[in-house]
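Before any questions on how it binds or moves, here is one chain, the form predicted alone, in structure tokens.
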């Protein structure tokens, strides 16, 4: 019913606009085509100037209203460079925008049709074409050059002291893997993936390096002022790790690991104070359309101090131990009774000696 109503409204709107256009033609005929054209031309010229002035005021007002409020300060070292490039790009394109738009609207007003003036035919000018081709080309070359330099840093080798975390995307969530005390990720095989047996990544339990790996869906933990390298994978379709507060973004491609690294600047608690929001949380989102549940593919990033990270890590149980505990047979009633008796006897013996 709602679709039919919308179609009816659109059809009615089209009929109204068509009738207004026809009425304008009849009025023009009655007044005289030439006189009507000249009047409309003057009105349109003033409207162009009004649109120019109001538009520029609107651009300035929106900039002042939203400046620094949408994303805030970049929360990583590489993010600062990304923001700097964005600002430079906006300044350069802003200068071109203002010059071209002011000239466009002013020329449209000043050189509107007039019987007293004849249009000048200006087909070609080598100097002008050279200027508007070479100058943008040089500017873009410089911008792209800086972009490639920053990109190579983001995707290049991380510092030796960097923490390493593996992020795996799946429909529709994130899986985080942290290496154990050996600082090495264990081997995995996609055919070993079994949600029912708590093996989300298909880790190979025969590999000792995999037996101390920590797998979590809780949150992505990182240490403030310490580099972190992300090894990014996908378990099904193409996803994209989006870390908007850090200005980082990287595709998660099935079968093709990608990497990036950066250094967080502020803890989550510090960002709560900076933003004035007690409910602030860093967010990880999927920036690639990945299915009908794409909108819900969000996660939390916790930036903590080194001490808080060590405490959190110490509380985590390796995935291998969780699986082995699930597979261990339950204690028999007789065994449970024997355990209780042994505990009671030990307690009695201790009390007697004391």
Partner chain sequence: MSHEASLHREVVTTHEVHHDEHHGHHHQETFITKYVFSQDHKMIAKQFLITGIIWAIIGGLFSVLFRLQLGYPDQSFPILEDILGSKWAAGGKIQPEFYYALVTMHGTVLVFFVLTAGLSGTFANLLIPLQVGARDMASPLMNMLSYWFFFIASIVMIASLFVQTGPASGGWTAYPPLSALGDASEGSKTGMDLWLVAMALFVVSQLLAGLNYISTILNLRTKGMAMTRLPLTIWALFFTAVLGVLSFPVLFSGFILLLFDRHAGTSFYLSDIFLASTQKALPNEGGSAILYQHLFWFLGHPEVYIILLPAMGMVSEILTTNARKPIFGYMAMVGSMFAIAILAFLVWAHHMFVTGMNPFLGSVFVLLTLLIAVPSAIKVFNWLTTLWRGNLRFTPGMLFAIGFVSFFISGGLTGIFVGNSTIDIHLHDTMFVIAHFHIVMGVASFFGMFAGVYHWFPKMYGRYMNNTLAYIHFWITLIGAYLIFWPMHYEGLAGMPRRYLDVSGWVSFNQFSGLNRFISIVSIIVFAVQLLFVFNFFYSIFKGRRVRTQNPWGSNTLEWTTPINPGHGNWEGEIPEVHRWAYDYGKDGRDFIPQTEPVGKNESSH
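So that the term is clear: the rigid core is the largest set of C-alpha atoms that superpose within 1.5 Å between two forms. Note that this is a predicted model, so its numbers are computed, not measured. Positions refer to the first chain, counted from 1.
Although not depicted, the form predicted together with its partner chain is the subject of the following passage.
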item: Listed residue that, although its partner chain is not shown, lies within 4.5 Å of it in the predicted complex (heavy atoms), from 105, 185, 261, 266; value: 105
item: Listed residue that, although its partner chain is not shown, lies within 4.5 Å of it in the predicted complex (heavy atoms), from 218, 77, 283, 207; value: 283
item: Residue 140, heavy atom within 4.5 angstroms of its partner chain in the predicted complex; value: yes
item: Residue contact check: residue 317 to its partner chain in the predicted complex, 4.5 Å heavy atom; value: no
item: 4.5 angstroms heavy atom contact with its partner chain in the predicted complex for residue 271; value: no
item: Exercise: residue 47 in contact with its partner chain in the predicted complex, heavy atom 4.5 Å; value: yes
item: Option from 176-184, 209-217, 107-115, 223-231 whose residues, in the predicted complex, bring a heavy atom within 4.5 Å of its partner chain; value: 107-115
item: Residues within 4.5 Å of its partner chain in the predicted complex, restricted to 235-269 and counted by heavy atom; value: 235, 236, 237, 238, 240, 244, 245, 247, 248, 249, 250, 251, 253, 254, 255, 258
item: Per-residue C-alpha change between this form and the one not shown, residue 145, threshold 2 Å, rigid core fit; value: yes
item: Residue 65: Cα shift of 2 Å or greater between this form and the one not shown (core-aligned); value: yes
item: Core-aligned C-alpha movement of residue 275 between this form and the one not shown, 2 Å or more; value: no
